[in-house]
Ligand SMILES: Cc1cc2nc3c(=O)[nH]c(=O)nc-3n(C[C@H](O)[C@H](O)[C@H](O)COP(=O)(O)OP(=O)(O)OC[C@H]3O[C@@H](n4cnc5c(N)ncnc54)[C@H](O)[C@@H]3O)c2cc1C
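Here's a solo chain for you in structure tokens, the form predicted on its own.
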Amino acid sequence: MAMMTPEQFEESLKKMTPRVFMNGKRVESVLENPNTRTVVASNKASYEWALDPKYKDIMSCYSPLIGGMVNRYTHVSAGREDLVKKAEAGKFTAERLGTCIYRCVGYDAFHALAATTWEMDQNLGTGYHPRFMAFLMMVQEKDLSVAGALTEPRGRRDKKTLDWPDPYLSLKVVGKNKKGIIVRGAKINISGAFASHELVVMPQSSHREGEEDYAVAFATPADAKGITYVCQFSPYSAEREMADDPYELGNPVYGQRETSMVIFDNVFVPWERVFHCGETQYSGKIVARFARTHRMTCGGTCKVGFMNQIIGAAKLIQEYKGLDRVPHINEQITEMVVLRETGRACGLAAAHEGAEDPPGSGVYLPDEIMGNVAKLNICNAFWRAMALAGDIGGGLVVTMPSLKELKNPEVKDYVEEFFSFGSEEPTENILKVHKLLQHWTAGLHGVGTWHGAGPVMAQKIMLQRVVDFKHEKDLIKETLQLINK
């Protein structure tokens, strides 16, 4: 079939029956619940943009796998140009959604699995790569949304997996037969999975001999029997549940980041959807290739788009308050621009310096050093941008009244007068911009940015592994003509 329309995407979700819980209650419909609906809206926008003549060059591409155009979020990069377009798509979706595009983790997982299944087949004689490519072809032909699932609850870090009292704190295979495998365990902090068609599951970490049951990667329908979603619930979730009008909120349509724990309670997976099972020496390669790809996404693309929202809100508030010529505020906004452009430069560098990995696979991954630098840089840059925006926005960002007061005859006139700043801009608009900035400076994205694709120490450890300093040392030896002994 051709790429789905936004309406067809929404209709396709009506046919699914995921088991979802939020705030102690069963979510009967992810399309109608005000919080889960934001995930539907975000993914739905990606279908709209892929068909829009203005944006289709970013959001769609030609796939030789099916011989036709596909949504970019179902594609595997086959060259540096693809990686650059991937970076552009990440920024584009983030700055327009103001939250996650929930298809990005699945998109990055495709790269890791395409590369590693090819390598396993070459070295071990397995048949995983044709299985995975058949799955990917199905995803492209049906234009499916796919969520990625990596992170696990895990036991004490000072004990080996096999020494944990609860063996299911890491997802594991608990049964095999001629038809497939059975898995049990959980994945946590999984973004938007309940409003996707499919889940692609990868191992959490590298595994050693004896941990074969934990070395597993597969795909499953998001509403497969035995899968349960337990969703986050924050003050922003409660606010959205209670809102009479979503435009009272900081991000009316797409909301805050929505994640869940995904529980696998003896879930059956047929062999044709299993892409890694027991080959412990390759679990770490799947994780490393996923991280390499996802850190470019988190560091150099989506957070750049988020900073465009933050800068735009800060600039409007500056203008509303008549602070256009105040030097320190202009310096703060300039600093935010520098932080944004540094992140963007790292992301584009990771794409432009990308390479085929492993050689011969046809899969291009971002440059490992620049991808990690992009994510490491953005962790601190994003916190700094939020702090600067909070300073420009002032105390009103966190003390503002509800926009409902603009409809309250008892105080409406007071609110309109005293929050107008003497500006010609309608007070409603001024308050909405402050509310949007509250969404960023006092919301969920700071910690989410720090930990998404791995916290700071993960990037530092990876850089210590991949940078060997040979080039730098050789430069000095040549410069000083040091004698080799």
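Small disclaimer: the values here were computed from a predicted structure and weren't measured. Numbering starts at 1 and follows the sequence shown.
The same protein also exists as the form predicted in complex with this ligand; that form is not shown, yet it is the one meant from here on.
Heavy atoms within 4.5 Å of this ligand in the model of the complex belong, among the stretches 154-162, 178-186, 216-224, 107-115, to residues of 154-162. Shown alone here, G300 lies farther than 4.5 Å from this ligand in the model of the complex, counting heavy atoms only.
Proximity of R257 to this ligand in the model of the complex: non-hydrogen atoms within 4.5 Å are present.
Using a 4.5 angstroms limit between non-hydrogen atoms, G454 touches this ligand in the model of the complex. This ligand is not drawn, but in the model of the complex it has a heavy atom within 4.5 Å of G148. I190 is the sole member of I190, L144, L403, V397 with a non-hydrogen atom lying within 4.5 angstroms of this ligand in the model of the complex.
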